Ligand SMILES: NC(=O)c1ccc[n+]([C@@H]2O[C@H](COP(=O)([O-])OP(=O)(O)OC[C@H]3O[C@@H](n4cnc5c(N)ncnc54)[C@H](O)[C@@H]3O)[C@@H](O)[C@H]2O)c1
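Given as structure tokens, the chain that follows is alone and in the form predicted alone.
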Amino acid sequence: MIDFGVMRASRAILFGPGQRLSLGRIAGQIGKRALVCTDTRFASTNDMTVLRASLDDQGMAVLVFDGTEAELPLTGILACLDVARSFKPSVVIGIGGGSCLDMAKVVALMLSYDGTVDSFYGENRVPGPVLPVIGMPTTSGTGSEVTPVAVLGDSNQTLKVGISSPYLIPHTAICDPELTLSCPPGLTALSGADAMAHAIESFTAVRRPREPGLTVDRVFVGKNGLSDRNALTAITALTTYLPRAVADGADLEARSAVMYAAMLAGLAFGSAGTGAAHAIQYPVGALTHTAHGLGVAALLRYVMAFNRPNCTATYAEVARAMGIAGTDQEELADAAVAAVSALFDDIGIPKTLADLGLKADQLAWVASQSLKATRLVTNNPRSLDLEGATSIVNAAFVGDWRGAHLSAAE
């Protein structure tokens, strides 16, 4: 029986092959002036031509901004706003990877309220509803189509920054796995591994006291019954289908299962939050200029090893969700860490931070900077201080996830 659960989600989630073709009718029900945020690659595809036609068929005025860049630099957001303000859209549509969806969220926010983008950095700083957003992912990883988070790069900040508010959750999510068929194997792998990290970190997040006001005061409330169900379903689907999607991009069954899992993992961490793997990725990404999902994926096995003493029961459930049989909780918990490591090796996720380009003399800075991501650090199931963060990054640098220095119980 669920004793406490939180789910914040889009008003509607449309899932399945061909659902992209409903875009025009869905958008037309919301407004008559559509701003589309996408990237140069997708803007040139036949899919974009078809989607644009579906909007035109509804008599909508459409402005396409195709300048979205990976990791979403603030300069790109400002460039989009320069053209969007005079267009005055009534609905913002994000089509693409996580950066395109986050672009749509931030632009919708900035078109709704006065202020600079940095005035909204952090949690619960969005004052109210924003322009309605439709999120249509073309990769399966971030889950941004259903989450209350937008992450961007600000050159005035050392690390990437986030805006977190339930008001940022898209009005409608349209998840069509056919849009992922052209996603290359490497991107499929790192995106799916990012989704696995969302599922595992939300499932193992700290469990907070159920005090009145918890869901109002915090965007991320920690482990709860509803997030757990979504996370476990995502873990099972990714274990089975992610290797298939990487091996054969035309496998629509696998593509569908992985997109479904990424969406469920987004719903899970959208209320429960994530932990140390995400906190440490921020400084790693800043130094190596590697994709967010790649850094999180490379770190996950080491963070799981560090958290293992505090996660026996939850890791045993993760193991069962991955299809591992057994009754001994300790053995199952160990097997979960090993199984995630083996899965990531199978799909080609880098094994070490050195593989991402991090240098040995940068490890201390990464460990100290990761602690600044307070909402992530405090959500981790094992208390994370400088010593703990240092042990994780040192192990991840050399590839020693079984290291005894990670396994001593507190």
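Start at 1 with the first residue shown and count on from there. Given the structure is predicted, the values throughout are model-derived calculations rather than measurements.
Only in words, not in the display: the form predicted in complex with this ligand, which the text now covers.
Comment: 181-189 is the region of 222-230, 80-88, 201-209, 181-189 lying near this ligand in the predicted bound form, near meaning a non-hydrogen atom within 4.5 Å.
Contact annotation: Gly76 falls outside 4.5 Å of this ligand in the predicted bound form, judged by heavy atom distances.
Interface residue remark: Asp39 is counted as part of the site for this ligand in the predicted bound form, having a heavy atom within 4.5 Å. Not displayed here, this ligand is kept clear of Tyr302 by more than 4.5 Å at the level of heavy atoms in the predicted bound form. Heavy atoms of Gly98 reach within 4.5 Å of this ligand in the predicted bound form, making it an interface residue. Within 4.5 Å of this ligand in the predicted bound form, a heavy atom is found for none of His171, Ala262 and Ser271. The single contact residue among Val133, Val258, Ala150, Ala298, judged by any heavy atom lying within 4.5 Å of this ligand in the predicted bound form, is Ala150.
Proximity to this ligand in the predicted bound form, defined as a heavy atom within 4.5 Å, singles out one entry of Glu123, Asp154, Asp251, Glu71, which is Glu71. Along 157-176, one residue reaches a heavy atom to within 4.5 Å of this ligand in the predicted bound form: Lys160.
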